[in-house]
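Below sits a lone chain in structure tokens, taken as the form predicted alone.
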């Protein structure tokens, strides 16, 4: 692949992610303000971005300059790299890797570490407490998320995201892996720091947590990355369980975008009905409920894939 081709793919990936982030912000606005204010909802993400771009970014006096300045860029780069293995249609993928699913899950760790760096670099109580909570996220989500996601490649006999979608041509995995879908969607809220697992930010409790000292363009980048990783986790959920780009009449990328936004809307709406969990409650949920349930799911998927679907659905 030439340098120019790589540059074009990277540019298209960033443009697509930015449009997706805007739509996620619109979805959240509709859930908050209601459909009657849809015009204001459409303008609100752009207004917020413009306000942040005009806002000065003054690091704390005792901040670790390197960590403070680099954290937003590490988060954005990680999101961009993760997006490369999400297939929008047949052949429409930035990086068609044979281990695409593994590649994606591995990249979630540096994303969370970027959030931890953002909090730790401030050298303040609020930022440090947010960092510790972000660390709790890191050690909580990886096992249940990975175990929930492994059911799809077990059935498709491949870790390549495109092949996982192709294997669902006759039957989407959500039909016979419902437990895996539930575990995946709950665990996906952890690395995305979404309610009810947003303790690293915690609103008024920590005054913004790991983002407390950020402003201006750097805060905009961090918020973009948070929305972007949530969008990608929903997109990966569509790849693993909902047939990816497959659907009648409409072009594959349109089906993929529709499924991703629909899944994101359902997850955001349901998550708002649950109160924010304390970090000890979050850890209990991860290790006492999600991990055992994910092991049960692996056993069920293994039996069904071997004896009912003949090693692949």
Partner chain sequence: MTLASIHAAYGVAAALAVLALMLGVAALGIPRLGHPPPPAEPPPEFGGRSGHKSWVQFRLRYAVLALLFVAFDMEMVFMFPWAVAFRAMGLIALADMVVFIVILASAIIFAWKAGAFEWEA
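Residue numbers count along the first chain shown, from 1. Note that the coordinates shown come from a computational prediction; the quantities given were computed from them, not determined experimentally.
There is another form of this protein, the form predicted together with the partner chain, and it is not shown here; the text below is about that form.
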| Exactly one of 105, 88, 185, 179 has a non-hydrogen atom within 4.5 Å of the partner chain in the predicted bound form; which residue is it? | 105
| request: Name the residue from 242, 120, 190, 230 that puts a heavy atom within 4.5 Å of the partner chain in the predicted bound form. | output: 120
| message | My question is simply whether residue 221 lines the interface with the partner chain in the predicted bound form - judged by any non-hydrogen atom within 4.5 Å. | response | yes
| query | Would residue 299 show up as a contact with the partner chain in the predicted bound form if we use heavy atoms at 4.5 Å? | reply | yes
| message | Using a 4.5 angstroms cut-off on non-hydrogen atoms, would residue 63 count as touching the partner chain in the predicted bound form? | response | yes
| Closest heavy atom of residue 172 to the partner chain in the predicted bound form, within 4.5 Å or not? | no
| task | Would you mind checking 147-162 for residues with a heavy atom within 4.5 Å of the partner chain in the predicted bound form? | result | 147, 150, 153, 154, 155, 157, 158, 159
